[in-house]
Ligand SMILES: NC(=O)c1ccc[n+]([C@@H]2O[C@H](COP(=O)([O-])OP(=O)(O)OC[C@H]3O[C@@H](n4cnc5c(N)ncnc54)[C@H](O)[C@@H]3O)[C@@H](O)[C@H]2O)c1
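The chain that follows stands alone, in the form predicted on its own, written as structure tokens.
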Amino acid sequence: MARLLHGQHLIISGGLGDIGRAVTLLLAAQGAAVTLSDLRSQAEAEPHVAALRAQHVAARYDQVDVSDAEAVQRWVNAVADGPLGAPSLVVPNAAVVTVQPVLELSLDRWSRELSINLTGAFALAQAAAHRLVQMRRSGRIVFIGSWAGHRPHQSLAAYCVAKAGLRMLMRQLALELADHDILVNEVAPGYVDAGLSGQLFARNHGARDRSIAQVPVHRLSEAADVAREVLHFCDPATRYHTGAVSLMDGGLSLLSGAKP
């Protein structure tokens, strides 16, 4: 039985984080070849790459700092010119978060966070889209955004601004790439019991329980939930969604801004 994404090639940044791992494993299970990047060494990435290859797909790992736009461009070109060819599924996922009051946030920290969360996402999406357009191939770009992209959060200024910019970037690319049959969408999680939220929970005693109590559905999402939404936008049968946001926040956005 043919797998859903057979013949497709996924490229994803932040591929060794909780959400990145979940996305790569799920899309590989559906037949996609996988190229992932992160800041960790090749040795640290090897167990995950082996898990991907165990699903009988090709997998490649590269150490890339997405805040370096030229490095991202070189990475995409090297991948596209390699044996796996140009990626048709693009997931800009790398992100960091700074929890700090806006009056204490340094310009360096602000710039670093936007360079990763927003500019790095742009660099990957643009470089991959260029190759698809040159080859006259269709594709999908799925940004990993956040419900924080449309609601302010206490002490998360840089993160909220970056995710708000990411949403407009997604819509702009969706408009400009539609003629090329490149569909661009966003998955916007709320509190995930993994990834950046998970890191905040680990550093702040009681934060996880407080977050569960705050979410209207009284539970957190998992990295696998985010991966399933990414798969939905990558599904060849999802042909009419572009410029869309899959807001999976358990109703958080129906409330006032939350404290981390």
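This is a predicted model, so every value here is computed, not measured. Numbering starts at 1 and follows the sequence shown.
As for the form predicted in complex with this ligand, it is not shown, yet the points below apply to it.
Not displayed here, this ligand is approached by Ala95 to within 4.5 Å at the level of heavy atoms in the model of the complex. Residue contact check for Pro87: none of its heavy atoms lie within 4.5 Å of this ligand in the model of the complex. Of the heavy atoms in Arg137, none are within 4.5 Å of this ligand in the model of the complex. When contacts are judged by a 4.5 Å heavy atom cut-off, Ile11 does not count as touching this ligand in the model of the complex. Here the chain stands alone, but in the model of the complex its contact with this ligand, taken as any heavy atom within 4.5 Å, falls in 65 to 73 among 209 to 217, 228 to 236, 65 to 73, 27 to 35. Checking Ala45, Leu39, Ala224, Ala58 for any heavy atom within 4.5 Å of this ligand in the model of the complex turns up a single hit: Leu39. Shown here without this ligand, the chain has Tyr159, Lys163 in 148 to 176 lying with a heavy atom within 4.5 Å of that partner in the model of the complex.
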